[in-house]
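Take a look at this single chain, the form predicted on its own, given in structure tokens.
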């Protein structure tokens, strides 16, 4: 195994169990690692710090998969997957009769940077974000088979979109076990059609489960707008909770088709779909809606475009603030990892000041427990949200 030695003083983050080693922290390399190699990391005085996956053309040069000197074998992969499964059982997701969709594995927070696994009623969708993780996908699949046993229906590898493009020329998404391309799942008793082959991410935004339930709490007899709706998760909850009318907007025609299918699955009628750009749709909607949901895709995926994200979130929130009815609610979110809670709050605050509306913050929102946040990896807290009461 290639050995990586750090500059003096650069071991502190790893001693605190932060799993990233940046290129600037590396003093020397004993060997010639290539993308995806498993390497061991040492301090300047040659004390062991961790084992990780190497990335050549990335500022994060090594992502640590173990802080102990262990064999990276079948037992290692099983223990990681089983620990994550056990945790989801403790938070009452693995045998929940009302909800059979959850995130099984959440990268760094579960101890394997670059690995995402979502569970859809026995169907597992795996996304690897590093080539090192993907090189071990057979070990991961074997561990999943042992953990789930007869409950396992399929494993689908959907890593082509999440790996560096120069490493995926000969890579294809596909089934590792089984061949069923879609399913219907339950989330808090609501039904959702999941198409992991053609859908975004792994097929569904699992991370908004608790925030959708909160929207339902406020939706009875209200007119609700769900922007950037994707497959209509918020819309289904609002309709089922007795909203007067719900409008769903997304620029993607396939997403709107699945939204309509989800509305039909749940036998709901108080709904209309609009395939349109959200900014264009909002232009002439003053005093139409009691509740507006703003859940856009990430406006910034790297720090060098953070300012553009600020402008995008500010414009979007200001439009909603100017349009919403008096005594209305705005559910506003950011899933941009580089936009932290303070920046998101300040961005929304700036929109409030520009709009001239009087606003109270009712709720601070985040991601659910199956997307865990750990003290040693603050970057894992990516989903931020606010519920605003607008006078």
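Positions refer to the first chain, counted from 1. Treat the numbers as computed from the prediction; the structure is a model and nothing was measured.
From this point on, the text means the form predicted in complex with ligand SAH, which you will not see here.
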Within 4.5 Å of ligand SAH in the model of the complex by heavy atoms, the stretch out of 146 to 154, 92 to 100, 69 to 77, 202 to 210 is 202 to 210
Applying a 4.5 Å heavy atom distance criterion, does residue 110 contact ligand SAH in the model of the complex?
-> no
Answer for residue 312 alone: is it within 4.5 Å of ligand SAH in the model of the complex, judged on heavy atom distances? no
If you check in the model of the complex, is residue 260 within 4.5 Å of ligand SAH, heavy atoms only?
no
Item to complete: Consider residue 273 of the chain shown here, and say whether it contacts ligand SAH in the model of the complex, taking contact as heavy atoms within 4.5 Å.
Response: no
From 289, 119, 234, 106: within 4.5 Å of ligand SAH in the model of the complex by heavy atoms is 234
The listed residue (167, 251, 176, 265) that reaches within 4.5 Å of ligand SAH in the model of the complex by any heavy atom is 251
Taking a heavy atom within 4.5 Å as contact, would all three of 4, 31 and 38 count as contacting ligand SAH in the model of the complex? no
Within 23 to 49, the residues having any heavy atom within 4.5 Å of ligand SAH in the model of the complex are none
